[in-house]
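Listed next as structure tokens is one chain, alone, in the form predicted on its own.
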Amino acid sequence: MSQKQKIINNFSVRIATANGTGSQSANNTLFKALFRMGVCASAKNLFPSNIKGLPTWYQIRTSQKGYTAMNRGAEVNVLVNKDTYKKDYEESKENSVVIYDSNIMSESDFHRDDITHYPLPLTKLASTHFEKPRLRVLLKNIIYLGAICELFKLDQEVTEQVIKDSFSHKPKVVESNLSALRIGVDYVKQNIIKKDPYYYEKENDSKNKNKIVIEGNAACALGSVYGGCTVVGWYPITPSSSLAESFISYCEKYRVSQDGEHRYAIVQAEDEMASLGIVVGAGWAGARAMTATSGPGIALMTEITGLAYYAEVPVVIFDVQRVGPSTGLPTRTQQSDLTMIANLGHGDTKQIMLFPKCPKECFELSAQAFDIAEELQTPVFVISDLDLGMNQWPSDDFDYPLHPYNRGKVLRKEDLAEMDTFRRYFSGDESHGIPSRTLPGTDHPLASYFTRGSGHDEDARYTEDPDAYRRNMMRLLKKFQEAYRVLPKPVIEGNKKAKIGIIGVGSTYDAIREARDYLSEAGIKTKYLRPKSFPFHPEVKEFIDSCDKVLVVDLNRDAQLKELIQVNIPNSEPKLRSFAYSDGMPLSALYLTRKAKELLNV
């Protein structure tokens, strides 16, 4: 490849390594250095579902237009895994760059004329400069980071500062990492002539000034702390485990009184059913409680979720979706649980869902979920996915929710003192189907009632009377149908007069935003609606009514979002066009653009 006009901060780097070799530290350093340089960057860690040895890829995209969806393929490929380099090389894009370890890979395999090749003796450099075998494996990654620094002009001073900050508590680690970084820089300076057009440059220092870098799972955990959650029952499952682990670390810092008393309870249960049972018990007792899981765990929680729905116990459940069915691909992403959760439970049940699109919304909707659960007296599901939950994201700083907690219709001792009777499962005509409740320990004769998962009447008494059962179920349906009053409204973007609409939820937002720009460049005007909650607000029907065609974007095979729309919004089906695609990877904006033109016949 000949030298071309510079391409600055507008390309992707894909690093192919093996799981368990310590590459994550080097790759995160690259991402954080770009962030500190004011560059718009997004990172995806594509890792296997074993502990060590299988291939892993890490891709960083930089974009001058602020795009953060992952591209399929990259302009720069760093090949460090000897088991995959041949396939990685053959799949490299035309006119791309390949950096490879010339000590473990055959130079004869790198034969393409449309690729710029940079051989680096990474293994030899690590062996020459570091004595300990494990240290050689780890620091080889920092050496290729140094090569990237010099080749693409990543700010070395900023990169070194990231290393110092990351290992500030380990001076020897800082020293060895800085040494490895400089080895990579010096080798490129002395041995390689740059032939490609790709460069990193600092942008406006204030561009990322009010931004942070955080995983979606950590943002959900922090939102739960701010939302008043004090009890967690959980069982480990990829990709939700780090949400509970982050909550633990935040509680250890923020939920400890001045005298050292812990103000929280966290139980790692024996399975998913037990974890939700703990949470339902805590919610019944008046605590704000949550659990975090993924699709298989949600399936196991079905019966207890139905109990919470029918007994009207407020709880929050985080579902960080992964690929199914069965074990599926545990470390790949998918929006695979929408229809399962919508009616999760035995018999007639309807569940509340919230759909954050980014870490800031993970924080905000997680905090809000506890208010919603208590106001509606029902389970609330916060629906994330592996891409959003387990990747590092640049995010706008979080705003502290200043409003007081909304505990809903909780009757205190003084409330009961003014009443002749308390009917736990009775609501008046103006109550939107929501009854009043009391908390255990309320010191008044009227306060007590039985909490039943079996048939009960308005006074919480056991009954199998058909009329009583139907009255109760229709009240629960009314509560669900009118729940939109307290749920976050959908976001609408674009030209209000456009007759082509696009609907998507959660992390598909990034690819949809980019695809809409490409469609606009082709003369196709669109508007976009992003529901933030289910049941849907009336605005969703109004949006569909205002369009001639609506493309519903699903990151799953079976068009689950489209199904929810056409089932819950009468007469919407004729206008709906389905884009339903899933291969375990984040959604591609370019592929979405191409298919959108076909599906919309434009």
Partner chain sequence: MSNTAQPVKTEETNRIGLTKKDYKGLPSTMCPGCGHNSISEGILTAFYELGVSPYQVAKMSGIGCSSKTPAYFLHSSHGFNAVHGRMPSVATGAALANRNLIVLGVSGDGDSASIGIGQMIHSMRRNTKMIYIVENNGTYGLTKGQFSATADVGSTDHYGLPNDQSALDLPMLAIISGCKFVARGFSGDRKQMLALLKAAIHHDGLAFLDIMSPCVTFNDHPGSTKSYEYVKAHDEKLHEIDFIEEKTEINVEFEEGTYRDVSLHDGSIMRLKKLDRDYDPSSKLQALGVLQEAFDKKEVVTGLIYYDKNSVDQAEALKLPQVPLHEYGAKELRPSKEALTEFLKSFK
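Residue numbers count along the first chain shown, from 1. It should be emphasised that the depicted structure is a prediction, and the values quoted were computed from it without experimental measurement.
In what follows, reference is made to the form predicted together with the partner chain, a form of this protein that is not presented.
Asks: In the predicted bound form, which of 569 to 577, 533 to 541, 29 to 37, 546 to 554 comes within 4.5 Å of the partner chain (heavy atoms)?
Replies: In the other structure, the partner sits against 29 to 37.
Asks: Indicate whether G286 is a 4.5 Å heavy atom neighbour of the partner chain in the predicted bound form.
Replies: Because a heavy atom of G286 falls inside 4.5 Å of the partner chain in the predicted bound form, the answer is yes.
Asks: Can you tell me if N472 lies within 4.5 angstroms of the partner chain in the predicted bound form, counting non-hydrogen atoms only?
Replies: N472: no, not in contact with the partner chain in the predicted bound form.
Asks: Indicate whether the partner chain has at least one heavy atom within 4.5 Å of a heavy atom of P121 in the predicted bound form.
Replies: No, no contact at 4.5 Å.
Asks: Heavy atom to heavy atom, is Y405 within 4.5 Å of the partner chain in the predicted bound form?
Replies: Taking the distances in the predicted bound form, the answer for Y405 is yes, it comes within 4.5 Å of the partner chain.
Asks: Non-hydrogen atoms within 4.5 angstroms of the partner chain in the predicted bound form: do L354, A483 and V491 all have one?
Replies: The answer is no: none of the three residues contacts the partner (heavy atom, 4.5 Å cut-off).
Asks: Under a 4.5 angstroms heavy atom criterion, identify the one residue in T331, T230, S176, T349 near the partner chain in the predicted bound form.
Replies: If I apply the 4.5 Å criterion carefully, the residue I get is T230.
Asks: Since exactly one of I372, M390, V323, A282 fits, which has a heavy atom within 4.5 Å of the partner chain in the predicted bound form?
Replies: Looking at I372, M390, V323, A282 one by one, just A282 meets the 4.5 Å heavy-atom criterion.
Asks: Is any part of 225 to 257 within 4.5 angstroms of the partner chain in the predicted bound form by a non-hydrogen atom, and which residues would that be?
Replies: Residues within 4.5 Å: V225, Y226, G228, T230, V231, Y250, Y254, R255.
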